[in-house]
Structures are given as structure tokens and as C-alpha cells.
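Next up is one chain by itself, shown in C-alpha cells, the form predicted alone.
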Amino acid sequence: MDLTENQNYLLIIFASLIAILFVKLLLPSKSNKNKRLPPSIKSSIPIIGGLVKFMKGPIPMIREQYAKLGSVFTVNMINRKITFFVGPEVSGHFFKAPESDMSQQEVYQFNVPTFGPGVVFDVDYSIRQEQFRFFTEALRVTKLKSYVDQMVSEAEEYFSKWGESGTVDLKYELEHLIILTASRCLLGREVREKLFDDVSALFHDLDNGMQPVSVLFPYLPIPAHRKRDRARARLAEIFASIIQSRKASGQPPEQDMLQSFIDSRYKDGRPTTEAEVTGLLIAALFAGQHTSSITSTWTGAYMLRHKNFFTAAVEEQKDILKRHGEKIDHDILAEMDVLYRCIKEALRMHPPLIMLLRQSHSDFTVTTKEGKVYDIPKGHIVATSPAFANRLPHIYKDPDRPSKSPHSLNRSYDPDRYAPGREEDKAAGQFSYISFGGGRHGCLGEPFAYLQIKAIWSHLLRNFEFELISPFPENNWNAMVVGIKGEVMVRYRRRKLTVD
């Protein structure tokens, strides 16, 4: 971004903030007779103090205010109020309320330029529900079983190119494998075999077009947004051509999400349009690509740091090899409980989506575990944070125990907390574990994500030994989807797992 564009960009934001402040100061304040409003963050900077704290880092802010104000508190963001719910005791309405009371559409409007018109957050709730049904049908068990073969094939081909030994950036390798797998299972054979490089580059431009400033100003005329819009238009052309070709071929239907969306019908019998199919595919890839690559990398990093869990996962693979041989399918992946718990614990500690938001359309009441009752007014944005709620000590034993030295293990990583008889994620009730959201808007892709990561790591556990040689990774808080900062370097040696 050159100096002139940067100055214009800052000028637009500054002018917008001044306009909002002007309106805020001139409008008469409405006296609220309700005496049970949640406490608000106090700041020495009137009006924008909450925004300043939030922009410095939402997780440190939540941690600080939770300690001071409890599990329900409000942050004043210029002309908006965001009320935070922390913990399962106060999150029920957030996750279970109907769309008419607690909606996603207003707070996620910034996704519309990326996903495109006529899909997800650019349509009314009734149409969005039908489109979510299309996702559900594309991810039902019979479809997932066909996807597993493709996942396994992609992993085998990718890792066959590694040598007998070497050093790799695990984050880089898994990011590339995940996009290859997603292209085959979701975007289709044509993209995977002929157009992968072109489509991957276009998705890169789409991804880079999702900047923090995009949340407030999704149409701001900055270079990243212009590239995003050009990439979105070109993707629409590519998928329109593929869809037309498939419909005219007369060949048996492909087993991928693209074909599932092409075959989808609304309740009135109307088929999906080419534009809708493209938008739904983009939404699906955005929902899954980053989260799967980030989680698969954290899973590996933690297992390599905690050798006892790596060893347990290897022993599980030996047991499965005894019973099933080399075969891997949907049902065999479902038997990998140790690996499942390792993935789930990595997700507890590092959920890629650290904030979930809703817009409140009606007044409602919430009661804390201490018995305090608060009335939440209509018009508030309501938020919860998986990154913070997943580490509450009254739910999880030693959820975030600090290391005593830079070289000591972070003992809070404990996959056994989900083992039978312990099950800490269920002991405190519903919504104790919210890495995939929950309730009416729980992540539809959760089964796909677990299968994808299991397929990758079952292959790695069976065919390689690893050693983590870089410092243990840290969160990259500067990304929209919180990933991993820097490289995750591992030394590998090819080793075929044998059954005793």
C-alpha cells in the first residue's frame, strides 16, 4: 500500500469515527430505568475506551474484566454495546435462542463480499436455513465415507514425496495438504487435477481480502479488497464453466461437495444457481481450510512435546493394524479414540475462532452461577469466546497451568480429560466445550474436520518418527482466524509401523 492510499484509508476511518462520535454526543441519552444491567468496563477515555481495550487484544481484555466484573459484562464500542457471556452457566440463550431473538446475519455482514451475493449472510433466515440444509446433506455419513477415500489418497500421495529422512516445516506441509484435500473433496476433480494452482492463488487473494479492518469497513477501497473482488469474480467464472460442463456431460455424478450443491433443491423445487453453488463452496472452504490446517499442526506440536500422548497414539495405531490391517475407512477412523482426544484437546486450547457474535433482537434475562440476575436489552451485540471459556478452571482441571520455566512442559495439555469416567467437557453441562460453537449454529463441518485430521495423522503415525526441533509455537493473534506464528520445524525419519 503506497503512502497516498494509506493516507486516504486512514482519513476515511478517522472521518467515520468522528461522525459516529458526533452523533453519539448530540443525541440525548435515554435514561434506562432497569437497575439490573450488567457492569460495564470503566475507562479513562470516554465513549471509545472500551474499543481501545478491545483493539489491544480481546482475550487479555476478557481475562481482565472477567476477574473484575464476573461472567457477564458490557463493553461500550462507540455507538454499540457488546455484552460478553463467559461460561456455560450464562451462555444458554446465546446458543439456543431462535434467530428472531439472537441472529448472526447483522454481525457477520463483512463476509458478504467474500462469499458473494445470494448466499449465507446475504439472504433472509428462511433461505439461509435451506442453504444450511444443503451443507448438512453434503456432509451426511454416506458422503463422508466417500470423502475419506479421497483424504487417505491425498495423504499417501503427498507424503510419498518426502525422503527417507529430513527436516520440514510441519505447518507449511499440513497447510498445503489440507488445501489439496479440500480441493478434491469439496471443489471437485476438475479443480484438483487441472485448475488447482489457479484456484489456490485466487483463494489466497480472497483470504488476504479478509483484514481486521474488513469487519468494520468491508467495502473500503484498499488494494486487498480490490484483489478480493477480482478473485471472487474469476472464481465465479471458473465454477460456472465447471457446472455447465458437468450438466452437459451425461457422466455419472461425482462424489464431492460441488456435485451435492449442484443437485440441491429448495423446498419449492427451485434448483441452486451457479452463483449460489460458487458462494456456498467458498463459504465451505473458508469454514474448514484454516481451522483444519491450524488444528492438525497444533495436534502434532503437542503430541511431539508430550511424548506420552504420541506414544499412546502410536500404540492405538498398532492395535487398529492388528484388527484391520492397512485398511483405512470412515468406520476405522471412528475407532481412533486416543487420536480423537489429542485433536480435541488441541482445539480446546487453540480454537481458531476466538470470538462468536450475535445481534440481540429482544430483551432477555441471564443468571450467573453466583445467582446474579442481569437484563440484557434489545440491540446489544452479544459475544462469547471459545478461547477463554475453554480454559475456565471450574470446568477443566489445570486448564492453563503456566510453565515454571521456558523449558518446562505446559501440563495443561491433557487429552485424557475427555476419557470415559472423567469427561470434563460434559461435567459442567452443555456448552462447556465450544470450539465448534454449539446449539442452533454449531459447526456443520465438525465431523469432516475430525476425519480429515485423523486421516492425515494416522498416516504420519504409521509411517514416520518425528522430533520437534524449533521452539514450541505461539498463537498468531494478528490473523482473523487465529493460527500459529512462525515455523514449526520437525525432523522426520521414515519408519513403517509394525505389529508385534
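None of these values were measured; they are calculated from a predicted model. Counting begins at 1, following the sequence as shown.
Heads up, the form predicted together with ligand HEM isn't pictured, but that's what we're talking about next.
Just one stretch in 313 to 321, 248 to 256, 234 to 242, 289 to 297 has heavy atoms within 4.5 Å of ligand HEM in the predicted bound form, so which one is it? Checking each option against the 4.5 Å cut-off leaves 289 to 297.
Residue contact check: L353 to ligand HEM in the predicted bound form, 4.5 Å heavy atom: The answer is yes: L353 has a heavy atom within 4.5 Å of ligand HEM.
H441 within 4.5 Å of ligand HEM in the predicted bound form, heavy atoms: Yes, contact at 4.5 Å.
Whether L174 contacts ligand HEM in the predicted bound form should be assessed with a 4.5 Å heavy atom distance threshold; does it? No, L174 stays farther than 4.5 Å from ligand HEM in the predicted bound form.
Heavy atoms within 4.5 Å of ligand HEM in the predicted bound form: does L333 have any? Answer no; every heavy atom of L333 is more than 4.5 Å from ligand HEM in the predicted bound form.
To verify the annotation, which of these, L180, V213, M77, L139, has a non-hydrogen atom within 4.5 Å of ligand HEM in the predicted bound form? So the residue touching ligand HEM in the predicted bound form, by this definition, is L139.
Going by heavy atom distances of 4.5 angstroms or less, which of Y158, F135, F364, F73 would be at the interface with ligand HEM in the predicted bound form? After the contact test, the surviving option is F135.
P60, M349 and N478 - do all three of these have some heavy atom no more than 4.5 Å from ligand HEM in the predicted bound form? Per the other structure, none of P60, M349 and N478 touch ligand HEM.
Within 4.5 Å of ligand HEM in the predicted bound form, counting any non-hydrogen atom, which residues from 472 to 487 show up? If the 4.5 Å heavy-atom criterion is applied to ligand HEM in the predicted bound form, 472 to 487 yields nothing.
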